[in-house]
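First comes one chain, alone, set out as structure tokens in the form predicted on its own.
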Amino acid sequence: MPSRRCSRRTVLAGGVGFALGGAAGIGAALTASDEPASPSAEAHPFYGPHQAGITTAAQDRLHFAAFDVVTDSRAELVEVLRAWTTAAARMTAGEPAGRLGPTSGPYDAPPDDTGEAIGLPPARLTVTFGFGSSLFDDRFGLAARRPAALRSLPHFPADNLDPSRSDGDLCVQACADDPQIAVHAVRNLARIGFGAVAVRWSQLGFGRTSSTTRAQDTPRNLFGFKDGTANIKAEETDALAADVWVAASNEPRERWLEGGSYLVARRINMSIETWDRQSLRDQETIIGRSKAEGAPLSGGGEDTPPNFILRGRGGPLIDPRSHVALAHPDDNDGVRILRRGYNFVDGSTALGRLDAGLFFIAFTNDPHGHYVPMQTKLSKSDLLSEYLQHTASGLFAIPPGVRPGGYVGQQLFA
């Protein structure tokens, strides 16, 4: 019996239109089925006022890549962004990266899609693009358009950053519920940009460590604790306007970013083996929440606001140096950020320990006013910092969404 799932071959055979038409066609095909669509069969439209992959319900897999631009031609860079936009719109709709696909076209020429996604559904793929501060130099005449907030993050206490795995001219965040779909997206963008851009560093992630909608359960990180309980959710439009989306500005250098955001990326290695030898009491004290339910140690359930004043026999029920106390909005002037972090395990170190941790991603409209003060405080005082080491870092401006017929970052280059 043929599969009911909407595969990429089915999409092509049915003559589904490109980009938005493709997404609508997939949705219609699934609605017509007498079986409920699985999440992996859903397709997110690429076009819209904001880029997808920010407030989108967090998917389970990540492939993040930072690129260096190796051409000095502004026109060639724009052509890459145009081609990337077209390919991203096709792939998020469940189509091959190129019009001819992986098995058609001139037989003696490379296919315009690598082919590992043949037969796979879209898996809720989103592709989000960003620009690093190094892009705004004299190569492309963009120096006068660099937003004031787009400058390198400071070196925080206890950082041990690898420069070859930090920063970059461009970034791509590909999220999906199938790791092969996420890898396929970044692989094809790198292929399309060959000769003009080159991968600087990349990171694979699994098991989301934050929820971005109220319908999602709070996930757990590799320390076994629920992570991101107080994260901004997509339904909180006022919070998004206040803390995530870049507002309109009279400054010419800021206008092109209106409706966009900033992405903070931090690769955080966890001392897994050392943590695993700590008592449950110590683990909960360090985090400030119960391991079972994620409730604050001051009592209640996971969503109960922490009470940092409530005291027990030995002092405050929530240690003032706990992660929850120092990261909570109450201790950061009410500031909140939108997180889309992922677990990672990159094999073992030379000492036989897991090279594992959290790939932290946050979206904010004021990285130096929101994220930097909080991270500075955590680096200096957080009890959890003994078990963490930040090994990669990056800050990228995320342009607003793309209109059909346009390309990502068009407002910057216009």
Partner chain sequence: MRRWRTPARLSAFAACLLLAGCTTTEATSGDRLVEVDSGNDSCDLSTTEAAAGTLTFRVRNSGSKVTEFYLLAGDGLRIVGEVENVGPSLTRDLVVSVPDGGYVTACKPGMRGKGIRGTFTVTPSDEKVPVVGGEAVLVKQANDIYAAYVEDQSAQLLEKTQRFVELYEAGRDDAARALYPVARTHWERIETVAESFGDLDPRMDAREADLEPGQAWTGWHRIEKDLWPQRATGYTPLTAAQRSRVARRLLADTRTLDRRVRKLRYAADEIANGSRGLLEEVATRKVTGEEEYWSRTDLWDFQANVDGARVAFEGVRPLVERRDPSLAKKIAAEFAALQTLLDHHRRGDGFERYDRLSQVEVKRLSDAVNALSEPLSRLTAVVVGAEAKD
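From a predicted model like this one, the values you see are computed outputs, not experimental measurements. Positions refer to the first chain, counted from 1.
Keep in mind the form predicted in complex with the partner chain is missing from the figure; the text below concerns it.
Trainee: Sort through 269-277, 74-82, 162-170, 139-147 and report the only stretch with a non-hydrogen atom within 4.5 Å of the partner chain in the predicted bound form.
Mentor: The contacting stretch is 269-277.
Trainee: Counting any non-hydrogen atom inside 4.5 Å, which residue from D177, D331, D319, D112 sits next to the partner chain in the predicted bound form?
Mentor: The residue from D177, D331, D319, D112 that makes the contact is D319.
Trainee: The partner chain isn't shown here, but in the predicted bound form which of L310, A239, L100, I118 has a heavy atom within 4.5 Å of it?
Mentor: Filtering the options by heavy-atom distance leaves L310.
Trainee: Please run the contact check for A230 against the partner chain in the predicted bound form: heavy atoms, 4.5 angstroms, yes or no?
Mentor: Result no; A230 lies far from the partner chain in the predicted bound form.
Trainee: Tell me, yes or no, whether Y387 is in contact with the partner chain in the predicted bound form, where a contact means a heavy atom of each within 4.5 Å.
Mentor: Close contact exists here: in the predicted bound form, Y387 approaches the partner chain to within 4.5 Å, heavy atoms only.
Trainee: With a cut-off of 4.5 Å between heavy atoms, is G347 one of the residues that contacts the partner chain in the predicted bound form?
Mentor: Flag for G347 set to no.
Trainee: Does L358 reach the partner chain in the predicted bound form if we count a contact as any heavy atom within 4.5 Å?
Mentor: No.
Trainee: Kindly confirm or deny that A182, A190 and G224 each have some heavy atom within 4.5 angstroms of the partner chain in the predicted bound form.
Mentor: Verified in the predicted bound form; spot residues all out of contact, no.
Trainee: With the partner left out here, which residues of 351-373 have a non-hydrogen atom within 4.5 Å of the partner chain in the predicted bound form?
Mentor: Read in sequence order, the residues that approach the partner chain (within 4.5 Å, in the predicted bound form) are L351, G352, R353.
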